[in-house]
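Take a look at the structure tokens below, where one protein chain is shown in two forms, each on its own, as structure 1 and structure 2.
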Structure 1
Amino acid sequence: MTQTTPTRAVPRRRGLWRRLRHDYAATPAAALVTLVCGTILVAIAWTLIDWAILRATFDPAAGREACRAAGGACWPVIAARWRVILFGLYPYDEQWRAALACLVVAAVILLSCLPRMWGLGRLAAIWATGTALFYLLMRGGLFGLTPVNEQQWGGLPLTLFVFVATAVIGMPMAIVLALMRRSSLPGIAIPAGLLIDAIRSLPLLSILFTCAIVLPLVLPDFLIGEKLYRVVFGAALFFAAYQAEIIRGGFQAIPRGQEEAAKALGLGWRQRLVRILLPQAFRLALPATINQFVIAFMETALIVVVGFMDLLASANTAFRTGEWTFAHVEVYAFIAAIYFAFVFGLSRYGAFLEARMDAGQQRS
């Protein structure tokens, strides 16, 4: 029997070296560009490491003078102001409830990502329970919890609430609008198309302002409701209009013969939609859908315009005291890390779903 292990290792190293040379140094010009870009990236990385770690101040008791003497990042501002950054205007003594509410939302999202939980009944039970727990913790008024008005919600819990509520309300609306727009009945398709195009032609800021300020002037008192819920509905409607077009694009990419074959097999409209059309439409529209979720999360920062303290607005408040006005970069870096963790996790989960769907399609 011949020894094959040593002969396999060498071609792998040579193959990697050839691939690197082919991708980054195939020509003298390409090698020069690679060298210049690599030098710039290394310089940027070293500058960030030197500022954020090597010359940074980590002592929680350090103040302005100690931070300025070190010349690097002043991380004590996070230790001193993290409650304001994460919870905003929420009452100090009740912030443990806001922290638990964030954990509830995180647990609901993680459970919803597990394939074994993808049944309609299981997802409905998870989200109903999570929503009830979140609202009970944040709003209070039961089981001895002090009532906290929605205007006092802020920071990370408010950002998560607006994003999750926008997605949960907006996705079913998007599916309904997409189905209405592709209807063969003009009386259904034309109004749906006009509504979608009208919403997409407006900036989200104007919709939020209308829901928060204008609607109370034209609606009767019993329909006004709390301002936060009107803002969430406006954001969900905006999300639904864009997501409806994404789903409609997924429908259009499905070969027409599949629906005709389903009709020939005697499947009804509901069976064709649930078992054949919608799964394929979502698979084809998955990258754009993940991008839309990322945009919806980022756009939660706009609610500050209508009087709410989201995560970014709370961060702005955290460093506007006299002691920490110089440490705004550190606060923004901390907020950026939170946003990055969420967006990166969402993108990786989207890649997992794409790989899973592709594998399922190959097996079928």
Structure 2
Amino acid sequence: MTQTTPTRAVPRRRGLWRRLRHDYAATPAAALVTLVCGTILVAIAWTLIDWAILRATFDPAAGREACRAAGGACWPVIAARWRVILFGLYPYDEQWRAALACLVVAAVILLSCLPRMWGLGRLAAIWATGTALFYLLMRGGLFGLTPVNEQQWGGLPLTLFVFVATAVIGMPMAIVLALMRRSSLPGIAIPAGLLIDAIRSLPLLSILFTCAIVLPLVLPDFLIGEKLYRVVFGAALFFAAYQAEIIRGGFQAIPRGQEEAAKALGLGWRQRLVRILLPQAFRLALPATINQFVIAFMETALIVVVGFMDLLASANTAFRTGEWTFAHVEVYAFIAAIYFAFVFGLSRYGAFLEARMDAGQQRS
């Protein structure tokens, strides 16, 4: 094929139109993909706007009939039920304590996202203080706060409590399990490995269930305690099994020379571990660790199944009773927004850290 006219000898234009064509419709097939995806996007956006805003009812006093007539989202259900959704069965007059407790947890999480707080000691201090404060506020019984039994806890504070307690108990367990599995002594490494692998191959639900109903069978009376704490222990164990493998991965990624150099300098086992290995392992494992936190937060929702009134369960009750039985989408959208804000925020933060660490590695 001979091209006789030297077309395009002039500079090619990189204009907007050209760029758009290149990106959206370089070939007929690409144009078709653009068309299909674009249509879907527009349809989704329009349906959402139409339902959630244009045809929605916002008047807090509006009832079922008014919502039905408008045809869109029925937001008065949130106005009417938000206390139940957020705080479950917690005594109505004491719900300010529950709200405060949620803020404490939020503060703890925000603080631990600051790089200047990243020391074993500081992190441990923040989380221990936060947990104690949370517990004091929720449980009461001191400083003139009326005691509130764990069975009355519910909604967002319960979800946050399970999450925080899982992390606070699970993380030390994870470190210990990881160290045991890495041990050169088979009598320690093998049982640890078996435990980790067994837990990882079981569904979390079955572990929560086991903790709720089997532990009372095998524990001596003084150890049985509240069902809430047994279930939290199960969640922590599950978290620890996964997190232990993440930490172990971090250990494996440390260059061999590091430990040898530390040995050659005459550092003892504890010093090598605390000063040289653990900090590096945690750094290397940080993105995966944050990911694990995100997963652990989402998995707190599973405690519904063993009979707790967490955020998800209290949302269920909010529309299962009374006049709001039709408003399930609105209620789920409300709590989905809460879960999403937390999970999306944390995972974006993880991605940001990862990018920062990658950049740091390239420089060195």
Partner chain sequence: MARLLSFPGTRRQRELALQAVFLSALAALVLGAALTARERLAAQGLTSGFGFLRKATGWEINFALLPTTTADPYWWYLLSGLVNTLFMGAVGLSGAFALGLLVGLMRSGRNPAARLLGTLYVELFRNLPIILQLFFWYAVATALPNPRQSIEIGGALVNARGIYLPGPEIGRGIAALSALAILAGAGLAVGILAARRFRRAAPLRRQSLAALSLAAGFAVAAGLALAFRDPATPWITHPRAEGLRITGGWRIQPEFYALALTIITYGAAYVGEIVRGGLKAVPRGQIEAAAALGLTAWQRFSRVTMPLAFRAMLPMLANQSVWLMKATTLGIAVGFSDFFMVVAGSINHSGQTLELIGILMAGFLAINLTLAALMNRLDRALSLEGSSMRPRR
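Just so we're on the same page, residue numbers count up from 1 along structure 1's sequence. Because the structure is a prediction, the values reported are computed rather than measured. Just so we're on the same page, rigid core means the largest C-alpha set that superposes within 1.5 Å between forms.
Comparing the two isolated chains, structure 1 is the one taken from the form predicted alone; structure 2 is not. The Cα position of residue 258 differs by 2 Å or more between structures 1 and 2 after fitting on the rigid core.
Residue 152 is not among the residues whose C-alpha shifts by 2 Å or more between structures 1 and 2 once the rigid core is aligned; its shift stays under 2 Å. Once the rigid core is overlaid between structures 1 and 2, residue 136 does not reach a Cα shift of 2 Å, moving by less than that. Comparison between structures 1 and 2 places the CA of residue 276 4.9 angstrom away from its other position, after core fitting. With both forms fitted on their core, the C-alpha atom of residue 291 sits 2.8 Å from where it sits in the other form; this compares the forms between structures 1 and 2.
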